[in-house]
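Shown next as C-alpha cells: one chain only, the form predicted on its own.
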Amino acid sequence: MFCEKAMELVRELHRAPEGQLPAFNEDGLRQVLEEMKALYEQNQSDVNEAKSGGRSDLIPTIKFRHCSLLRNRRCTVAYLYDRLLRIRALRWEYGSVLPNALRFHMSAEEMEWFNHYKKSLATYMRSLGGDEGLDITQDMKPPKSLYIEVRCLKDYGEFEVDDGTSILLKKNSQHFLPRWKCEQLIRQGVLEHVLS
C-alpha cells in the first residue's frame, strides 16, 4: 500500500520512549526507497505516455503517485532527523563515550555524525573560557553544593583531582569529590551519587 512502510518508520520512533534510541531500521528504510523508486519509474512512463499519446486520463494517477513520493520523502526525513536529535541529546546525557548498547542501535552513518558532532562540540568548548576551555556539558542543573558523596559501582582505577591527589576508585568505595569532576563518571555509570 502507498506510504505504509514510511508511516511505520515514523510510528516506530513515536512508540519509543523519549531519550531512548530504537535500533536503526535499515530494512524498513530500504523498502521505502524501493517503493519510491518504483513510483518514480511508473510516473516517468505515464508522463511519457501522456505527453506522446495525449492521454489526459493519466494525470490524476500521476499526481497521486507524486503526492505519495512527497509523503514518503517527508516521513523518511522526519525519521532520520528525529534520530539525529536523539543522538545529539545522548551526547549531552552520556558524554563523548556512548555505552555499547546505544552504539549497537546506530548505523555507521549515524556513528560518523555523532563523532563529527562530538568533535565540533569539543572544539567549541575549548574556545570558551581561556586556556583551559569550559565544559558546558557539566552541571546541566545548578548544583546545591560543590562537593558530593559518591559510591563507585565498578573498578575504575586511579582518578586525579584538581589539587593533584590521586584517588583509587574501587568497587563499593565511597568518596567525597568535587561535583564537576565526577559528574561525567556518574553519567557513564562508574559512580553513583549517594544521597544522605
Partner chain sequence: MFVSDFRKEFYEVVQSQRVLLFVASDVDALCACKILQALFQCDHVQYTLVPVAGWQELETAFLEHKAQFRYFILINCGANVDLLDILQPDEDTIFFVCDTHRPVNVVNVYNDTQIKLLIKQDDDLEVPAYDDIFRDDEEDEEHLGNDSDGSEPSGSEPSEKRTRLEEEIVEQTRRRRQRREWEARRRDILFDYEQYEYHGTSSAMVMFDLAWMMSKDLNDMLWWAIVGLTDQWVQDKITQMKYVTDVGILQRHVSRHNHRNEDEENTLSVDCTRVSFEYDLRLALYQHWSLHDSLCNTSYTAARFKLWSVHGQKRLQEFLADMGLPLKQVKQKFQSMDISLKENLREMIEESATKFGMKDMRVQTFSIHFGFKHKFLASDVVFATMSLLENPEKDGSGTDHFIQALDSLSRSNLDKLYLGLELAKKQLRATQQTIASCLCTNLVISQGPFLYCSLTEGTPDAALFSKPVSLNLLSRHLLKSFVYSTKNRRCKLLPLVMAAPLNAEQGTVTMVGIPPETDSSDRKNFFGRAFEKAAASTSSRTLHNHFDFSDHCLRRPSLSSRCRSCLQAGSSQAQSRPGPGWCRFTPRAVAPAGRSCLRCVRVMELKAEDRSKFLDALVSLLS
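Positions refer to the first chain, counted from 1. Keep in mind it's a predicted model, so treat the numbers as computed, not measured. For clarity, a rigid core is taken as the largest C-alpha set superposing within 1.5 Å between two forms.
Quick note: we don't show the form predicted together with the partner chain, though the next part is all about it.
Residue 158 is the only one of 57, 34, 158, 41 with a heavy atom lying within 4.5 Å of the partner chain in the predicted complex. Contact with the partner chain in the predicted complex, judged as any non-hydrogen atom within 4.5 angstroms, is confined among 128-136, 162-170, 64-72, 24-32 to 162-170.
Looking at residue 154, you'd find every heavy atom of it more than 4.5 angstroms from the partner chain in the predicted complex. Taking non-hydrogen atoms only, residue 182 never approaches the partner chain to within 4.5 angstroms in the predicted complex. Among residues of the shown chain, residue 174 is one whose heavy atoms approach the partner chain to within 4.5 Å in the predicted complex. The partner chain in the predicted complex is not approached by residue 46, whose heavy atoms all lie more than 4.5 angstroms from it. Core-superposed comparison between this form and the one not shown: the CA of residue 129 stays below a 2 Å shift. After superposing the rigid core, the Cα of residue 9 is displaced by less than 2 Å between this form and the one not shown.
Relative to the superposed core, residue 182 undergoes a C-alpha shift of no less than 2 Å between this form and the one not shown.
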